[in-house]
Each structure stands twice: as C-alpha cells, then as structure tokens.
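Before any questions on how it binds or moves, here is one chain, the form predicted alone, in structure tokens.
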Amino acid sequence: MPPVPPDVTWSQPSPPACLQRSDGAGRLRFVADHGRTQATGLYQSDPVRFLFPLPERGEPLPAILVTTSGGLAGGDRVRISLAAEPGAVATVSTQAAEKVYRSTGPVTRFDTTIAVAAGAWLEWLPQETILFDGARFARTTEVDLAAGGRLLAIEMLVFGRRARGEAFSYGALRDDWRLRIDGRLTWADALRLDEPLAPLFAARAGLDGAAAMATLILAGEGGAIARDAIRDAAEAHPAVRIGASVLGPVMVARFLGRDARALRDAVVQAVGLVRNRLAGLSERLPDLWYG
C-alpha cells in the first residue's frame, strides 16, 4: 500500500534540533576587464560550490553550481547571489538536475538573487529540479536589472521520478519571481501547488497531466526576437505545449509537457536559439546539459 501522505500545510513546525539540516550559500560576481570577463567576490558554504571550467572560444565565462549534498531534504536551505557588472558576459549553470526529497513536514527553500548592470549579459541556466513525491519546496528568484542589461534565465520542474513510475501525488510547491528594472517592479509571477494535487494535475485548464514544466525569460532588449525563436522551437516539438509573450521589456515563455525528456529537449533548443540570435553565441548549451 502507498504511504499515507503527511499533512502539507505551510505552517509546519521547524525540524527537531537533533536533525542536521544544511543552510548553504553562494555569492559570485562577474566583472569585465579589458573586454574579458572574470569571476570575483566568490563566497561559498556547504553544500554550495562553484566550479570554473575553461570557456569555449567565443563563449561566455562559465560557472557551474554544485550541491555537494547530492540533493535537498526538508528543512534545507540554499541561497545564491549572482551579479554581472557593466560589460560582463557569463553563464551560470548547474552540474546536474537538483533533487528535492520527500519531506516529513519542513519546507526545502532555494532563494536566488540576480543583479545585472547596463551592458552586461548574464545567463542563469540551471538544469531541472526534480520534486520527489512528498517534497515540499519553496523557491524565490529576485532580479534587479539595469536598463541596457540583459538576463536569459530558465527554471524547470519535473513532477516525480518518472523513470521509477513516480508522480508528484502529494506535497507542496511555491515558486515566486520578482523582476525589477532600474528599481521598479516590472514583472512578478507566483505559482503555488498544495493539497489536494490530483485535481490540479487532472484539470485541462491546470497542469493537464504534465510530467514537467518550465519558465524561460529574457529580460532586456530583444524580446520580439526571443519570442520568435521560441516559436521556431515550438514547431519542432509539437508534443510540448509552448507559449511566449512579450510584456514590455520582458519576454516570458512557458513549457508544459507530459514527457519530461521531450520538454527538456524543447527548452534546450529554445535557449540555444535565443542566445544565438540575440548575443551571437553558440546554440549549444554548456556540455553538462548533454550528459
């Protein structure tokens, strides 16, 4: 028999003091020095680590975020802070998909703050986050963009370990975005999934049986070009529902699919097309995406 789902209200108490919980943080800043981007201001605490592989010719400076714990449990917290100074060009990705394990009550938190200065191009391209059945996950992404700066960012969620026949049948999710341009709130978005989950996944106007979903944003100039690139990717992936809109200085695209792998492939192509057409970069993402 399947396990009885625990209570999943957001007011669960903190985990007992005897349980070890991680509270990791990472900070990284990119600066341009005579046309060459360098990483500086590095700070990291367990389980967060940054790795710096050599960049491919003509590609942005890469930084790879690693969670050394092998996944996040209930009560764990990760805080990431990224900044790109004027003229900097950089890509931040993750070593692998992030796993969020089943929780006995406490919420797993992942908070990201991003600052992009005028003339900078920053890519925040983490691989997918896999929500194990019973996970309780809260994620916030705060962006401060200066006029003339550009940010290409994605976030993907996979509902359950599909290779093991597992769905996200109980648990909770809170995913919040806040984007400010020159200090003014320009775009805000919030997603909340809470018990009961079955009607949300069954509804055609809801998740419609989705195994995975993703959000892609381009903040800054070039929204119409990015939207058209997304539409080209959508034509190549008819099994994935994809929509893109330009909202002033922000282009927002949504991906929803019943096959997590197909959705990932669509996201990879879409990101590649956007970065190529807007920044002249390769359509190929960092090699870790193709492992």
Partner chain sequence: MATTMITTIPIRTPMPHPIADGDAAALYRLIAWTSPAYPTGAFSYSHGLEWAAEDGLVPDRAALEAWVGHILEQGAGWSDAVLFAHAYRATAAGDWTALDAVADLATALRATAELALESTQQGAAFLSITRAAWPAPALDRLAQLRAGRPVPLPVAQAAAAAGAVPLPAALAAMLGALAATLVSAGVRLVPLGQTDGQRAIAHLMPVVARTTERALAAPLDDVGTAAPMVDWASMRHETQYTRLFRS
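Only a predicted model underlies this, so the values are computations on that prediction, with no experimental measurement involved. Numbering follows the first chain given and starts at 1.
FYI, the form predicted in complex with the partner chain isn't displayed, but the following is about it.
**Q** Examine residue 187 and determine whether its closest non-hydrogen atom to the partner chain in the model of the complex is within 4.5 angstroms.
**A** Residue 187: contacts the partner chain in the model of the complex.
**Q** Taking 4.5 angstroms as the cut-off for heavy atoms, does residue 247 touch the partner chain in the model of the complex?
**A** Yes, residue 247 sits close enough to the partner chain in the model of the complex that at least one of its heavy atoms falls within 4.5 Å.
**Q** Does the partner chain come within 4.5 Å of any heavy atom of residue 161 in the model of the complex?
**A** Looking in the model of the complex, residue contacts with the partner chain do not include residue 161, since no heavy atom lies within 4.5 Å.
**Q** Residue 229: heavy atom within 4.5 Å of the partner chain in the model of the complex?
**A** Taking the distances in the model of the complex, the answer for residue 229 is no, it never comes within 4.5 Å of the partner chain.
**Q** For the chain shown here without its partner, which stretch in 148-156, 190-198, 114-122, 85-93 has non-hydrogen atoms within 4.5 angstroms of the partner chain in the model of the complex?
**A** Selected stretch: 190-198.
**Q** Please pick, from 65, 253, 263, 233, the one residue with any non-hydrogen atom lying within 4.5 angstroms of the partner chain in the model of the complex.
**A** Contact check passes for 253.
**Q** Taking 4.5 Å between heavy atoms as the contact cutoff, choose which of 70, 53, 41, 243 touches the partner chain in the model of the complex.
**A** None of the other options qualify; the answer is 243.
**Q** With the partner absent here, would 239, 271 and 284 each sit within 4.5 Å of the partner chain in the model of the complex, counting heavy atoms only?
**A** No, because 239, 271 and 284 lack any heavy atom that approaches the partner chain to within 4.5 Å in the model of the complex.
**Q** Out of 193-224, which residues reach within 4.5 Å of the partner chain in the model of the complex, heavy atoms considered?
**A** If the 4.5 Å heavy-atom criterion is applied to the partner chain in the model of the complex, 193-224 yields 193, 200, 203, 204, 205, 206, 207, 208, 213.
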